[in-house]
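Consider the single chain below, provided in structure tokens and representing the form predicted on its own.
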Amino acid sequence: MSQKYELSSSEEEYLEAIYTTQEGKARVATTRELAACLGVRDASVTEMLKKLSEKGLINYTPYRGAMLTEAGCKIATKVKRKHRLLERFLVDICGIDTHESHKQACEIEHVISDKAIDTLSAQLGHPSTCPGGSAIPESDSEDETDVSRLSEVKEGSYTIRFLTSAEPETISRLCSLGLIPGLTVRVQRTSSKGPLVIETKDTQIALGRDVAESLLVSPEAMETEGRRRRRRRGAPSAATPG
């Protein structure tokens, strides 16, 4: 059973900011970027990142930055979905300008329920983008993509979904190898004892099973189907974060 998190509005804001910073880039969100996004001091960001790391919601490396874990990404995606649907409602139905709608959505997103936001989405005709053109994430019920550890999969093509490890050095190593969320890799050889061999573009990489356990992936075919669903609903392939 999935763990329940009791988070403050501030903690959700930080997770959402990391999501926005990483969106479309699949990289570490730096302390300076988050401070600029949230309008706070670097020291305040560092303190919060340590707190979120202790809760298992981010992978944080001092002086480098943070990436969302699987649990953190689910929460951040849910908050961002609420934010962008609320912006759509405030602009399209209430006639509020985009700047003010962003401010009001930031306040409402932390108190509106999942059921209410799904109902709002239906009333709006399930819009695929916010007023600024950024994609609105799908709800949990709409995204049933299976996720597995890379160390447990068979040979084939997979898309990296999350990086998760209690060791910051492992996350740093994976990032340095270019193994980041959104990348498609092909597993060429698996072994119960030896290293797992993967191919990314024209490069082959051998990973120990302990390192491969830190990569959560989904079958590439399922990712493709997800993109087809979004295209049928009119979502663009890329959008400016909003």
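All residue numbers are counted from 1 along the displayed sequence. Model, not experiment: these values are computed from the prediction.
One more form of this protein, predicted in complex with the DNA, exists but is not displayed; see below.
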Check P62 for me: does it contact the DNA in the model of the complex (non-hydrogen atoms, 4.5 angstroms)?
yes
Under a 4.5 Å heavy atom criterion, is D42 part of the interface with the DNA in the model of the complex?
yes
Partner contact for S214 in the model of the complex: the DNA, 4.5 angstroms, heavy atom:
no
State yes or no: in the model of the complex, is some non-hydrogen atom of K51 no more than 4.5 angstroms from a non-hydrogen atom of the DNA?
yes
Contact test, all of F89, D114 and H126, partner the DNA in the model of the complex, heavy atom 4.5 Å
no
Picking from 28-36, 206-214, 193-201, 174-182, which part of the chain touches the DNA in the model of the complex when contact means heavy atoms within 4.5 Å?
28-36
